[in-house]
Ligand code: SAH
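Below sits a lone chain in C-alpha cells, taken as the form predicted on its own.
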C-alpha cells in the first residue's frame, strides 16, 4: 500500500473527528467526508504500520444516512465535520462517543452508560444557531481582501460570506467591514510578515433582544477613518456596540488584553429562559438577563444552552435552602439560575472580566444570594476549605456552610477539572455533584476519580450544543454513596 493508491472500501464506522472508518486488505483507513454506510473510492494519502489516511474521491454507493449538506463549502471549511450525516445519526454518534469514552478511559462497565444516559437532546432546526462568530480577515487567492474561516488543519482563509450555522446579520457586518477596508485602503494582517492592521472580526448577536456587537481585532492602536466604519455599521438594525481590541503580538491567540468601545455600549444584553425538562423542554416564564462583553464566555447556542442549564438545575435538586459552589462559572450563567432555588451560591472564575460581568448580571437581575470570586478553582476552593472566608477581602458575609456545601456544580474547559480541585471537592463531600462537560475524554477521567472517591453516577444526558460538528456537551449527576 503506497501513497496515491486508489482503493474501494465500505465505511463501517465514524471516528471522533468525524472521519469515516473502513478496512481495506486488513488495514484500517480514516476517510474525511465519508459517512458510515458509504461505499467509496478513496486515494491513499498516508500509510502507517496498521492504519492509514485516505481522501474521498467518489461515493460509489451512498449511505442511507447521507444527506445533501446545506453549505457548499463544507468539505473545504474546517468548521463542520458532519453536515452530510443525517441529524438523528449525528446525535446517536455523539452519544456513542461519550459512552465509549466512559468505558475506555473511565473504566466503567458498558452497562453504566447504557443505564444512566437518557436520549440525547437535539434541535428541531440545527442551523442558524450560533450567537457568536469570529471571522479571520486576510487575502484571498485572487488578491482580494477576504473574510471567512480557516480550511481544515491550516490557516488558509476560505471566503465565507454567510455561514449556515451563524445568523444572517453576520453577512451585513462583514460587507461593511470589507467595503470600509477597500475604501480606506486598510490592509488585513499577514501572519507571515506580521504587517497589516485588521486581524479578525468578532460578532455577537442576542437571540432574544436582537442586539448586535462588533469587535474588530487590530494589529495596532487605532483605525484610520474610524468614523467611516462606525457609520456603515450603525446602519445595521440592532447594532448596539462597536469596539476595537488591540493585539500587536505575533501569536495565534486571537484577542489582546486591551478593548476600547468606540461606539455604543461596552456590552449587549440577552436572556436565557428556564425550560422544563419534563415537558419536552418547553420554555417557562423564568428568565435571566445577561450583559455580554466582547471577551465574555457565553455559550454560543442559546436554545441548547437553555436546555443544558435547565438540566443542570434539575440535577442539582434544589429546594431553596442549599449552599452551592459553581466552579468555572464564567459570567454567572448557571450560578444565577441556581440562585433562584438555592440558599446561597458561590461562583468561581479565573477571568477577571467575566467575574465583573457575573457581579453586574446578579445586580441587574436583583439576585442577592450569589457571590463571585476571581481565581482558579483549584486555588480558591482549597483556600476556603482550609481557612474559610478569613483573609478574602472580596467576601463579606457568613460563610459557615461554604466548607460543606450541599451541591457542587462544575463546568470546566476542555482540559477538565484540576486534580487539586477534584481532591477538595471529595473532601467537602457534597450530597450531589453536577458535572457539565465539553470534552468526553476528560469527563470520563474526572468521573472515574469522583466515583473512586465515594460517588456514583445517577443520571446523564448528551446535549447537542454544536450541531454538525463533533463537539458535544454532556451533563452528569453524581450522588454521594451512603454508607
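Positions refer to the first chain, counted from 1. As the structure is a computational prediction, the values presented were derived from the model and not from experiment.
Form predicted in complex with ligand SAH: not shown, discussed below.
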item	value
Heavy atom within 4.5 Å of ligand SAH in the model of the complex - residue from 412, 206, 256, 294	412
Partner-contacting position among 376, 187, 96, 228 - heavy atom within 4.5 Å of ligand SAH in the model of the complex	376
Residue contact check: residue 299 to ligand SAH in the model of the complex, 4.5 Å heavy atom	yes
Contact test in the model of the complex: residue 129 vs ligand SAH, heavy atoms, 4.5 Å	no
In the model of the complex, residue 349 touching ligand SAH (heavy atom, 4.5 Å)	yes
Contact flag, residue 81 vs ligand SAH in the model of the complex, heavy atom cut 4.5 Å	no
Listed range touching ligand SAH, judged in the model of the complex by heavy atoms within 4.5 Å, from 160 to 168, 213 to 221, 376 to 384, 130 to 138	376 to 384
Heavy atom within 4.5 Å of ligand SAH in the model of the complex - qualifying residues of 302 to 339	309, 328, 329, 330, 333, 334
